[in-house]
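Okay, here we've got a single chain as structure tokens, the form predicted on its own, with questions on binding and movement later.
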Amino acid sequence: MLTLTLLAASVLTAPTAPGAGSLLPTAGAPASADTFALRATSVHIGDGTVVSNGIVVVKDGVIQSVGNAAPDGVEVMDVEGHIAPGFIGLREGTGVGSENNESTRKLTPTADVSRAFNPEHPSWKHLVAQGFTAVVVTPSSSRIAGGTAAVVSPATGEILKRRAMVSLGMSSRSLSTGVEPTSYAGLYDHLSKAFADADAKSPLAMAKAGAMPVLIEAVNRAEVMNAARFAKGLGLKGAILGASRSADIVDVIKDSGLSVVFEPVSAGASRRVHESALALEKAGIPFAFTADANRRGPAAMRMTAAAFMRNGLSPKTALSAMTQNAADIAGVGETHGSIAKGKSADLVVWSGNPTDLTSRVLHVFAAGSHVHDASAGDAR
């Protein structure tokens, strides 16, 4: 069990016995208004930087500093492990249920998925236990313009950002035989007209003006190329969700200015999927991962990152994809995704390096509140 020790900020002493006056509140208790600090063997900032024997100072749920010192008088807790930013997963369907389904219309660009968000869904605790402090809940991929996604906290049940991204479906998953469009040509025609006719305050108009990022589902090579060119033509910013075999069209993706979001990969995934991740890394194209916990389980994202690392992806890029890149793609990079001054104190204490599959989540903090304690087996 993790031993936490109260220390004066300027004096290091030997650890007290386990259980002797830990400062951590019971998981689920509200965040303290007082300033506190966590000191760990390593602090992973989220951009590849690692601070050895690092100290993260938190006040009222916001990070005040990260380094090797804390202000005089600030209470410091020693944690025997690694601290990293909370994971952020894109495209999550947990907690939105049937209210997010629409089978009779393919164009619902003003739909707001945050209205279907259920903060009390029992599966959220499993995501928190895997180190997630934010996920992007999205409209169904069955629509070519499904509405706006929202960034939510599975730990606190809060909506961190409504209307965060515009969800577009530009793959075969958005085509059907019963409801138009039924072909790729029809799909692009419908979308082009929808953007052209969009009201100035609508999500599509905001996306076209660069005021709201898009999340475009496009899976195979042809879909990705067409989606990238469509986005460039309209000046859209955001990411392509899919692009699992895009190593040979990296230049097209880079030219569009879009990032990439990978879906979970299975153990027997084609080598070409891993080559795509390596090609994006080499080209400097940011990418992230879907959470997809409702489909593949809460550990799917971390397992995918580990699979990519086994095939050559750097741990630095893998962690960035699960934290900082994901926050940037979702439009919350200014407040989440890394351990930096002024950002939300969404922190995870790991038993070892967070990209190592042998490491376990020990504690989770969301906006400075201690929301998960592995020894107690609970969250929120």
Partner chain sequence: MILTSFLLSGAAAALAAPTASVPAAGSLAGSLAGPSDGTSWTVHAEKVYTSTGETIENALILVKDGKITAITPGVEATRDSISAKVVTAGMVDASARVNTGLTSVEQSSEVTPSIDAKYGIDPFDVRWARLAKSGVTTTFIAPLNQNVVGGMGVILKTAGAADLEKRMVEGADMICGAIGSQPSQRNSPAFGRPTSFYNRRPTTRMGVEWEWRSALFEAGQAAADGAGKDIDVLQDVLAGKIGTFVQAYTTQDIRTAVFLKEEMMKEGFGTMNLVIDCGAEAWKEPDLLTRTNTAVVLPPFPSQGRTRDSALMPLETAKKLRDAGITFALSAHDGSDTAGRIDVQAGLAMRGGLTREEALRAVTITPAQILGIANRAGTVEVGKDADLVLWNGEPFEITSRPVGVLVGGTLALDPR
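Since the model is a prediction, treat every value here as computed from it, not as a measurement. Positions refer to the first chain, counted from 1.
Missing here is the form predicted in complex with the partner chain; even so, the following discussion is about that form.
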Non-hydrogen atom within 4.5 angstroms of the partner chain in the predicted complex for each of 179, 189 and 229: yes
Proximity to the partner chain in the predicted complex, single hit among 205, 225, 283, 299 (heavy atom within 4.5 Å): 225
Of 220, 110, 118, 270, the one that lies within 4.5 Å of the partner chain in the predicted complex (heavy atoms): 220
Segment that reaches the partner chain in the predicted complex - one of 131-139, 305-313, 170-178, 231-239, heavy atoms within 4.5 Å: 170-178
Residue 200 within 4.5 Å of the partner chain in the predicted complex, heavy atoms: no
Contact test in the predicted complex: residue 275 vs the partner chain, heavy atoms, 4.5 Å: no
Exercise: residue 183 in contact with the partner chain in the predicted complex, heavy atom 4.5 Å: yes
The partner chain contact in the predicted complex: residue 248, any heavy atom under 4.5 Å: yes
